[in-house]
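In structure tokens, the next block holds one chain alone, the form predicted alone.
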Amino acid sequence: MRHAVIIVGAGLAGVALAHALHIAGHKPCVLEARPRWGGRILGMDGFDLGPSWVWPTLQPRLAAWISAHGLSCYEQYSAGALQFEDAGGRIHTHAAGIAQAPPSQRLAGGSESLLTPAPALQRTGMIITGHAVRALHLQNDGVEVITHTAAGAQRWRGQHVVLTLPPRLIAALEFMPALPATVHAQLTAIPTWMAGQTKVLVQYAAPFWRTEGYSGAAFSQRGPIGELHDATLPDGRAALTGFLAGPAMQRAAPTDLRREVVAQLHNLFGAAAMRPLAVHVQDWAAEPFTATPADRTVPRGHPHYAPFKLPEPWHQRVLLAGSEVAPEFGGYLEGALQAAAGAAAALMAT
């Protein structure tokens, strides 16, 4: 099958790039390994198990995308006290919660709402799920892309290929001719943002912490949750969400972890926390289409991300356009949109 442009990955960058090309009159092919689109954006009935926050006043492409698709935001709840749990399990209450300027925003409908163009792209055959790209073979007139599916290997031909995958996943692909060892090492050294994190979402019948004067925000030196926030939706469905402390390889079995999470919330907020409706655990380090074993070591701070170009003979045929290679806001949703916009401009200029 021949295509002018093959996009690898149907996360926000891949969807945004396909959407831009489509409205310009092109019909790209988006190959996605998972049975769903979204990549690290993962929602559940409006709640987020992937990225949650946006800052439209600081992120111009995201603000434009939200406006163009008729989306809306609401402010992260922060009224009330903040809890701090020390290493011995002692609770220290601070009168004020976390106030940011500008405040963190959440998307109505969850971050999945950013993928609004995806259903139409799939209906028209532009997004094809269940195809894990394994190899890229350079040809005289383009690139052969080899995917693995439940039915076996399949081959695709594209004049240009855009990889919206994290750099470490790109390094794991087979390139023929092979990438120089130095380039492979550079790709492998770029951490995948948030790939080593486990996100926990605990649903409740009501946001009891609010009525008791707590913001729902907490930090802990003890764990298992290291950072916690109120994730209650505008319709009143209540939840707390946070990130596990400690590396992925040291995490407990899911059943034990859920028990420990509820016990910790009990310590932070009292007996009402012992009655959750559900406890959801999303370990991104266990997602092979997001993370590699190297991502189990979580960076101490935000890595320095920057645009990355493959050397010749690949440079004219294969572009990198994931969030980790954005010119600004690398790793963030804004970065995904920036990288997609750059790739769209480069392709339409050829």
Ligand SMILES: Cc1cc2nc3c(=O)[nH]c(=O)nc-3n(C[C@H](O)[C@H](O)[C@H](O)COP(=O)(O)OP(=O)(O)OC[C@H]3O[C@@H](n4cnc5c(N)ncnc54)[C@H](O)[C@@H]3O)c2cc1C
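In case it trips you up, residue 1 is the first one in the sequence shown, and so on. Quick caveat: nothing in here was measured; it's all calculated off a predicted structure.
Although not depicted, the form predicted in complex with the ligand is the subject of the following passage.
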Counting only non-hydrogen atoms and a 4.5 Å threshold, tell me whether Gly89, Phe219 and Leu257 all contact the ligand in the model of the complex. no
Decide whether Gly158 counts as a contact residue for the ligand in the model of the complex under a heavy atom distance cut-off of 4.5 Å. no
Going by a heavy atom distance of 4.5 Å, is Leu173 a contact of the ligand in the model of the complex? yes
Contact test in the model of the complex: Gly342 vs the ligand, heavy atoms, 4.5 Å: no
The ligand contact in the model of the complex: Arg317, any heavy atom under 4.5 Å: no
Which pick from Leu121, Cys73, Val183, Val133 sits with a heavy atom within 4.5 Å of the ligand in the model of the complex? Val133
Answer range among 33-41, 292-300, 64-72, 309-317 for contact with the ligand, defined in the model of the complex as heavy atoms within 4.5 Å: 33-41
The ligand in the model of the complex - contacting residues of 44-59, heavy atom within 4.5 Å: Leu49, Gly50, Pro51, Ser52, Trp53, Trp55
